[in-house]
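One chain is shown next in structure tokens, namely the form predicted alone.
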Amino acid sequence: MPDISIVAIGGYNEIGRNMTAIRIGKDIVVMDMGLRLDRVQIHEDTDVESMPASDLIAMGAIPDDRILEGVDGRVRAIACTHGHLDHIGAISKLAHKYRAPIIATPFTADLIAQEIKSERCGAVNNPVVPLDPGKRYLITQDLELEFIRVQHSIVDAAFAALHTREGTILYANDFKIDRTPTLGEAPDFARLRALGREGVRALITETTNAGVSGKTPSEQIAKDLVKDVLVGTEETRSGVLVTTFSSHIARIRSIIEASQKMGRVPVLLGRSMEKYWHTATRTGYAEKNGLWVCGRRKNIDRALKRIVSEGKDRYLPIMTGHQGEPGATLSRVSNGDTDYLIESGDKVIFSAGVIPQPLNVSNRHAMETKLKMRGARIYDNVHVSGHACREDHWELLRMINPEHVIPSHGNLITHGHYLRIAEETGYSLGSNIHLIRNGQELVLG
């Protein structure tokens, strides 16, 4: 009987650059190849597309996959659970090393194809295979990949279930237990319960919000928050700006819907806004309705100039920059680098939380301070998370009842919070819950 091991490549010491290898005998399936965004942002002039993988590994921006050189096996497939850059951002740098297909849900596959096309430092020729949630992909005679529908802060997110003769390995990065999503369907609880009955050998799961008590609110709550805040400003003659995650198509749709109730024209501003919205229209998650979308800087500046000329009260700009990223549209507005000058009483709505990294916290604080100095009224945290909180993790554990549990996508602090949840559910550290770090391989007994 071939042994099974879990190789922690990235995302086990930090939040970001996720990459895990699952070895069954001499066959390996890689889960995710992600970027660590704060390591890129700290070097403001970093052109990731033009940098070799070795440089990005050295700066800690992408996973150090050289550990696989010492693992006795061959990579048969690369599976990606969703389209966030901390899960797919290193594919254009690393995937070419492995003669293996890249398997992803349709929205994610489209984003991966764009990442590969924009790469300017080497060619990635791996086939990209779209796989719908609920479907299976035969990797070898003994290995089959299944995607299971879940909810997250991006559409088309999935759990990856790797079915082997020795049992199923369930890779659960990232998710929330949302029974009333505003876009797409609720998680496939029936399939998850069935997996639990069939038997799951190991669960590999994120720990991002494992230390947050309670349950993550539904995206429906965020939609109501957005509507309450935005429609509550409809009688103002001042400017209203909104910033949110460009990849959060459900949230952007809610903001657009609220803008129509306000009587304002929505305008999407920012390179990533353009990228994700056009991907959503191609894959059926957004309508091709002539929405004003500007990605290039000159087009953004032209749009902001027109908004100011025709009246701030006629438009609702929805822009990048919620983390205070240098060069993002809202950051440029806060610096006074556009024709859209913040005036006393203008409102800035943050429909996004701060990603818990020191650089993000610092950048966001600096940008908010600049906006307030110019007279802006800040509406903060009009948002709900896309990550599971404490009780969601407890619920998933009880639903799946895996033999082994491996915390991932986090640091020692978040892993520690998760350990407590698992212990409350009956697991024991060192016996059937395992704490591993980047560069380590865990052989399952």
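Heads up: residue numbers just count along the shown sequence, starting at 1. The model shown is predicted, which means the values in this text are computed figures rather than measured ones.
Note that the form predicted in complex with a further copy of the same chain isn't included here; everything after this is about it.
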_in the predicted complex, the residue from Arg296, Arg179, Arg120, Arg136 that sits within 4.5 Å of a further copy of the same chain by heavy atoms_ = Arg179
*Which residue among Ala286, Leu359, Leu183, Val265 has a heavy atom within 4.5 angstroms of a further copy of the same chain in the predicted complex?*
Leu359
*Does a further copy of the same chain get within 4.5 angstroms of any non-hydrogen atom of Leu291 in the predicted complex?*
no
_Gly311 versus a further copy of the same chain, in the predicted complex: is there a non-hydrogen atom within 4.5 Å?_
no
*Contact of Thr140 with a further copy of the same chain in the predicted complex (heavy atom, 4.5 Å)*: no
*asked:* in the predicted complex, is there a heavy atom of a further copy of the same chain that lies within 4.5 Å of any heavy atom of Lys372, even though the partner is absent here?
replied: yes
*Among 402 to 410, 387 to 395, 27 to 35, 64 to 72, which stretch has residues with heavy atoms no more than 4.5 Å from a further copy of the same chain in the predicted complex?*
387 to 395
_Residues in 126 to 150 with any heavy atom within 4.5 Å of a further copy of the same chain in the predicted complex_ = none
